[in-house]
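First comes one chain, alone, set out as C-alpha cells in the form predicted on its own.
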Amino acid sequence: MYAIELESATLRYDDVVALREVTFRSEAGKMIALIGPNGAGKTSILKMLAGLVKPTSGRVKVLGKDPSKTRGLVAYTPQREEVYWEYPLTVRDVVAMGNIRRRGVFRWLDSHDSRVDTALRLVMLEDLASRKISELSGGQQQRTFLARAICQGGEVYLLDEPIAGLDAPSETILLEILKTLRDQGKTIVMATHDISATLEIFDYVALIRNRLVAFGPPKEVLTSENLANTYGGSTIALHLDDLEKVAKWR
C-alpha cells in the first residue's frame, strides 16, 4: 500500500485546467517536494490529498483510501498568507486544536494534555507556549502549526510552502523537524520553491507545471533539462549548476 497515490489526476476549476493527468506515488516514511512556478498546481495537489477538493477525473488515494476517509490521519498546513494570525490565541491554544477529533469540540483545550507538551517540545516552542501567535516570527508560526499537526497524530503531513520567507536558521530548524518526523515513519509532502533544500533532504521530487514534468529521487529529477521544461527558461537551470558546484553534489 502506498502512502500517497495519484493516477491520471486531472483538476479543473470551471474552464481552467489546474492539473492534467498527474501520476506519481510514494511509500510511507518519505519526504516528497513539489516544485514548480506559481500557479503550477502544487497547492491543488496538496488539497486533493487532503480531501479538500476532488479530482475532476483520475484517482487520488491516501493510505490506500479515498482522502475523504482519512480524517485524523492527514494534517494539512496552508500557506501563511491564508491564515489570519490576529486571533487572540496562544501557541498552546493552537497546538491543542490538534486534539479536536480525539477529544471533541468542547474539550480540545486542555492545558494539561501530554500530547500538547510533547508536540511543543518536539518543535522547540515550550518557552513560547503562552505567547500569542500574532507575536511570533514567521518561523515560529510555522512551527506552531506543525506542532498542531503532530498533536493531531497524523501519518501524512501536507505542507504548503512552510519555509517561504524564513531566514536560514528558521528554515534549518523546520527542515530538521520534518526529517525527524520522516525518520519516525511519517510521510511529508511539501510544496516549495527552494530547490537547494531538496538536494540532500528529500527522498523524491515532483516537478509540476500543471502536469507532471518529472518524478523521482532529486539526483535523477533535478536536471537542467527538466528544470527548463518546468520553469520555461534556462535561469533556474544555471542556478542548479551553481548549487552543484558549491555543494559538490553529484
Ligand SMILES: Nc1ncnc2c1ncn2[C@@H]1O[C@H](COP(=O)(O)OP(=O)(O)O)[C@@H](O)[C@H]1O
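This is a predicted model, so every value here is computed, not measured. In this text, residue numbers run from 1 along the sequence as written.
The same protein also exists as the form predicted together with the ligand; that form is not shown, yet it is the one meant from here on.
Engineer: To verify the annotation, which of these, 70, 43, 26, 198, has a non-hydrogen atom within 4.5 Å of the ligand in the predicted complex?
Structural biologist: Checking each option against the ligand in the predicted complex, the one that comes within 4.5 Å is 43.
Engineer: Using a 4.5 Å heavy atom cut-off, which of 43 to 51, 221 to 229, 198 to 206, 182 to 190 contacts the ligand in the predicted complex?
Structural biologist: One stretch meets the cut-off, namely 43 to 51.
Engineer: Classify residue 37 as contacting or not contacting the ligand in the predicted complex by the rule of any non-hydrogen atom within 4.5 angstroms, answering yes or no.
Structural biologist: Heavy-atom contact with the ligand at 4.5 Å: present for residue 37.
Engineer: Scan 5 to 24 and write down, in order along the chain, each residue with a heavy atom lying within 4.5 Å of the ligand in the predicted complex.
Structural biologist: Result: 13, 16, 18.
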